[in-house]
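The chain below stands alone and is given as structure tokens, in the form predicted alone.
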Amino acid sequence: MKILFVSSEAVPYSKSGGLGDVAGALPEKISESADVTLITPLYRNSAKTPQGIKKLYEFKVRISEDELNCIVYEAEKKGNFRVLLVSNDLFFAREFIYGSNEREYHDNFFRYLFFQNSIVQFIIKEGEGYDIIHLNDWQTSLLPALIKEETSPVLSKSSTILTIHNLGYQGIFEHYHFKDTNLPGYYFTPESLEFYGKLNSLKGGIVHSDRVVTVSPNYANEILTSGFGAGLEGVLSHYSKKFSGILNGADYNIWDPENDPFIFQNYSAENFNRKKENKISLFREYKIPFKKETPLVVAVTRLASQKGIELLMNSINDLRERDIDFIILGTGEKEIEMNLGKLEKKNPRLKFFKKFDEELSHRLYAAGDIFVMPSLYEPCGLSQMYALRYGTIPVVSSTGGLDDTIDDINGRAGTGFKFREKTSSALSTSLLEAAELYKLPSEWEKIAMRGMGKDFSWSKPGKEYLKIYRQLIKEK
């Protein structure tokens, strides 16, 4: 099989969230059984420009009436896996990937339309074609329609699969942008790209892809309802025969305390007692008063309403008299950043790092006793998987992939604590339960061991995607 994996971000070349982690790990895993090419933009300022990249192609890409230059570089090639980078400095040489915390870039529609049209032209230029073109989120969701309108036989052999990582981001733009796609007018209808008078990129991908997958089985069920469907529940239900959920995986080559280069002290389930050295060293580095018997609750998160940060802030305030320490790492919505800063000044038990820091995030997973993730909805979530691997016991809301990956304690069986009501009092109750159990070291270590023993690697998800690929090829 020849697979083209298309993503707007991919570790280690770029990352804004979970999509970057997935695109950095899943294609390489699949390459153990297929010929895989990962293609992603070359962001010159959001990540270090790769060294030693090799120019493969240079050609023109049409956007509306304009002809724009595109260069495709090869950044990596090993075995059946290679990475290609699409370059155009007008669109991709910027400080951020999609925009700052205040606002997205005003021309994101054109940036990712250019990216998608570049991929169409690249496939034609390369001349060999792909059995499967695997798309991810709205930034690549116009590709099935763009491919259908091309007459090249190289494209006609391809089947398309779209993975939805977060239905909350659909790539909705004003109706007048449709003309810039150069697609025939019949695509701008309620049966295709049109959505309440606007252009909905993700909807187009759902309609025109051969298969649609989301990133956990539970979330796949949730988004068929009005509470989670973000207006597309009817479309997803209509195409339910081609829609399913596959749980994301964790890349243990990067996220494993036994060989993590960023943490103070490496450890594993066999020498779990070494974990505490990470907490001691972190507190020493940031001059935080250390007490062995006090549990440390950590959160590594995007500061957005979806992540339940307001619940967490209320809970921290409610628990300010309790013997619990909190550390939060993240950036996001300005109001949340400001309110967290105010809460930190009032509460000496809270430390807030307002930044995106990959190395510090590793250290927090290793130093924490409890990992909190109170999301209002969560398509999959990778953070709770990382926390389990680091022996940091999760406290999570019962939704989406969090429900699929965390087994509730239920009388001290399980791997973490789950709360169902999306309220700060429910979160506080779970945090207090965790803090009480922390006082029983032997019981606590048993739970941590169960979590560390869980396998959320990409092996199983990779096999499930390969099964879908083979089905699509057979149908073709």
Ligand code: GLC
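Model, not experiment: these values are computed from the prediction. Numbers for residues come from their place in the sequence shown, where the first is 1.
The same protein also exists as the form predicted together with this ligand; that form is not shown, yet it is the one meant from here on.
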Would you please decide whether Q306 lies within 4.5 angstroms of this ligand in the model of the complex, comparing each non-hydrogen atom pair? yes
If you check in the model of the complex, is L382 within 4.5 Å of this ligand, heavy atoms only? yes
Any non-hydrogen atom of L19 within 4.5 angstroms of this ligand in the model of the complex: yes
Is the gap between R211 and this ligand in the model of the complex 4.5 Å or less for some heavy atom pair? no
Listed residue that, although this ligand is not shown, lies within 4.5 Å of it in the model of the complex (heavy atoms), from H165, K275, R389, K203: H165
Considering this ligand in the model of the complex, which of V215, V298, V396, I133 comes within 4.5 Å of it through any heavy atom? V215
Using a 4.5 Å heavy atom cut-off, which stretch among 298 to 306, 336 to 344, 285 to 293, 264 to 272 contacts this ligand in the model of the complex? 298 to 306
Even though the chain is shown alone, can you say which residues of 335 to 356 have a heavy atom within 4.5 Å of this ligand in the model of the complex? none
